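Quick setup: one chain, the form predicted on its own, written in structure tokens, and binding and motion questions come after.
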């Protein structure tokens, strides 16, 4: 691992081949807001205070052109103004109010109960297996099935949705074709277009039927808008929770004293969940587009410039987190930005936390020791941080 002073942040292999934390430590110290050359170039924001301020400044920084760097560099997101994540006010508020109905206490109560049952069953099963791949045997099943339970996705369709999801924003292969990602996204959207059309014609007591038949801003959503917002729920609900779960197991295996503290109760599950989310930081960045001239961290940003907000760096800022590269499941307060901040704070944060609580609780009940038995396979992405496989043994 090397720590270059310059790093191509558009390269999906950058943080597999280089030490991300050393790189960001150098950036925060010497150039906390800098211009990354390219065609087009973009601003990089690294300090926690600046990232937090940018998330809150929705008047100056727009999400409508896209919130992922690769999409913005390719010309912008065609879902702008239609999908919650890439919409600005006032439409954003209308869509968010509608989508929050999917996360009502009545709906979430039933889904959370299934999360605990599924997770406990999976952990008890793999604890008897000896060596196995935690990613394939456990992590791939919990978040995808959770979000599919929320949307009432047929069991027979879940495997292909997982396959498409794993290609949409990342790859297991350093030499992956960008067309594979585009095709996967199109497959997911096409799938939800068909499902939305069916449920609008024959609605049931499920979230997709609710979204497909409800109004936002005085009008029903188009089928494309329904599909895009379901796509956003599935992509966000699966990817970030899956890699966070893998990171949790890997990290506790590498920190046996902290694992004993969690099992013995001297570290609480809830604070451990927040530390896992900070440590994992599954979405390395989110991006915005400046709508007017502004200053960020003393640097002049022009209207139309792309601005990237690096959660990985913010979550390891020494000004906010004492010894940020020390994994501490008792850390409190823990002002991480893994779910974002402000009006675009992740609508699925409750479910993400519930899945990690269920996982850590099930592990403490059934597993005394966690051993990593081989080299984890990394994910190649400049957006998603984590591992595609994790060979482990539970004792």
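Not measured: the values here are computed from a predicted model. Positions refer to the first chain, counted from 1.
The same protein also exists as the form predicted together with a small molecule; that form is not shown, yet it is the one meant from here on.
Have a look at 61, 52, 347, 367 for me and say which one sits with a heavy atom within 4.5 Å of the small molecule in the model of the complex.
Here the answer is residue option 347.
Give me the residue from 118, 200, 96, 299 that has a heavy atom within 4.5 Å of the small molecule in the model of the complex.
Selected option: 96.
Would you mind picking out the stretch of 127-135, 71-79, 280-288, 249-257 that comes within 4.5 angstroms of the small molecule in the model of the complex, counting non-hydrogen atoms?
Single hit among the candidates: 280-288.
Residue-level contact is defined here as any heavy atom of the residue lying within 4.5 Å of the small molecule in the model of the complex; does residue 352 satisfy this criterion?
Judged by the heavy-atom cut-off of 4.5 Å, residue 352 is in contact with the small molecule in the model of the complex.
Residue 240 versus the small molecule, in the model of the complex: is there a non-hydrogen atom within 4.5 Å?
Flag for residue 240 set to yes.
Can you check whether residue 191 is within 4.5 Å of the small molecule in the model of the complex, heavy atom basis?
Heavy-atom contact with the small molecule at 4.5 Å: absent for residue 191.
Considering non-hydrogen atoms and a 4.5 Å limit, does the small molecule approach residue 307 in the model of the complex?
Looking in the model of the complex, residue contacts with the small molecule do not include residue 307, since no heavy atom lies within 4.5 Å.
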